[in-house]
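Taking the form predicted on its own, here's one chain by itself in structure tokens.
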């Protein structure tokens, strides 16, 4: 929804005509009403009914029930003076009733098409219940797994987050936002929220403008280019100016530079929180700051409704700011088709939770799971050789917990758990011994250990389902210690003493520190919180009916002290290497202090993560060879093509996510050691080889310089192609000003 220099279409002209006509007839009070979003109050209490009649409600969030919402619309359309329908918002984050994996899990699929289909299902199910608008996708870049909302994020990398974020926008909105089964997307939280100090939600954020432009902003711009109808501000204080009152973000960048013409909504009570931040003295000043920052709609609190009128009369807010905000809000309502179709008829939609929707959820869950370890080819399990299987852990048979965070409308009864799915696979072929081991993931009570050890002792193979309950991640659910909570590691250690083949399936809303955990098991699969169909998806993977193909969208630290750790870091003047790293245990007693030869690492953890960004194993094996490039040098008007052959020599069919990384060796500002610039998912049968090609355009190498200007700078670039960010197969090329430079680069 960006402004275009081209001629307006008939639809745009019609929208403008209706919106301009309404604005010309609205009172100031009614305009402020459009800028006000009420929180659902359970039914339609008299105060809400009267506010709607007076035209003082532009939107309602978290009100459910088709009959109630249709009555709300009837009041707005038939009983208010201008008959403007209300836009109904809801947190449809990774599904409505049929739950997809958490967004971080969806990002682990590295498959925008699967993500788009999941958003389509979510939109259709929500629209059937009268919802018009979701507060997703969340495209905050974060490098801190302690932050609870990392579950809702798309990881640490701006390129991957951009591709996944735009896929969600397209899934929610489709090609025509007015279609009944589509809902408006909301790119959030603009901006910098994922950098909260110490991973504490709502905390202060300190980010340079250059970091904002090169790392934080790109996924938001991708969502805007994909047509995102709305944006949401962040709770956090960015460099001393809270995002909800930050003109640099919402006016200069979003409107003036990017030409966004949808509307911006505050986060819940974030306007009134300008007072708590110490930015505004009172509610009146908070309302003024937010309006002047072009925050068009206030969520939940009432500072706009109570103060804008007097601020306009005092000429402290210009009337054109109000008209601009209302025009943006009404235009989105128009594009949603609300003026023609304010009511919802569920009979016109497919039933929620239907077989097609479940198939989409299952495929998303399969592709989101990441195989982290598989010693001795423990997986996949061979049904013909198994006589008995132990299924142990608090998350083996809990449909509620596998849905994850932000599942207000998820239907627990629809969830198929791993235990249910494994039992279906087993039939009468082998025995299953079941034990929880611990009551919850947080429990420190070991009374269930004996039962779990007994179940494991009776079995040939042990499958453990551990991790975090859903409540341990999500908004404001941050953790300082991100080991497996409770006594789960202790239970794993006791099971490991039996010498059985042991498989761990981790369900969690964030990366956990697994350096200790991994030594207790033969195989480890990371399933995140996989959603409604997590059980059948995991069972298919365990028994080889599907092959793992997920890749990590975020680096996994060895221990909390490494945070933040991310692949696209700067090099430093003394970069660490395997030759320079000396572990704390290897330093001799009474060693002499010296700085000679020192490099950037932690003596007790090194300089690498436990599992790098982009990492993920498969039952298949992939070999990369025959790397080639179309040219060694190219100008700003040309393109370079990089090709590689990928071969599957194994006996398993598999999908590999082939990744391209580039390094700008020297720049106007220091550049990351590697940056993801492309990825492709390739399906390979046993013995099959496929050619994978990437094209790099000069604009793909652009960045914001020391003056925060977007530039394409000539120079030397290294590149690598492989299955994760530690890819070693690579080469180099030069970006040059003109062809004459080829002589100098020969």
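Because the structure is a prediction, the values reported are computed rather than measured. Positions refer to the first chain, counted from 1.
What follows is about the form predicted together with a small molecule, which we do not show.
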Using 4.5 Å between non-hydrogen atoms, is residue 61 touching the small molecule in the predicted bound form? yes
Determine whether any heavy atom of residue 135 comes within 4.5 Å of a heavy atom of the small molecule in the predicted bound form, and answer yes or no. yes
Would residue 170 show up as a contact with the small molecule in the predicted bound form if we use heavy atoms at 4.5 Å? no
When the contact criterion is heavy atoms within 4.5 Å, does residue 520 count as touching the small molecule in the predicted bound form? no
Residues in which of 501 to 509, 266 to 274, 477 to 485, 162 to 170 have heavy atoms within 4.5 Å of the small molecule in the predicted bound form? 266 to 274
The one option of 452, 371, 297, 232 with any heavy atom within 4.5 Å of the small molecule in the predicted bound form is 232
Exactly one residue in 188, 117, 146, 128 has a non-hydrogen atom within 4.5 Å of the small molecule in the predicted bound form; which is it? 188
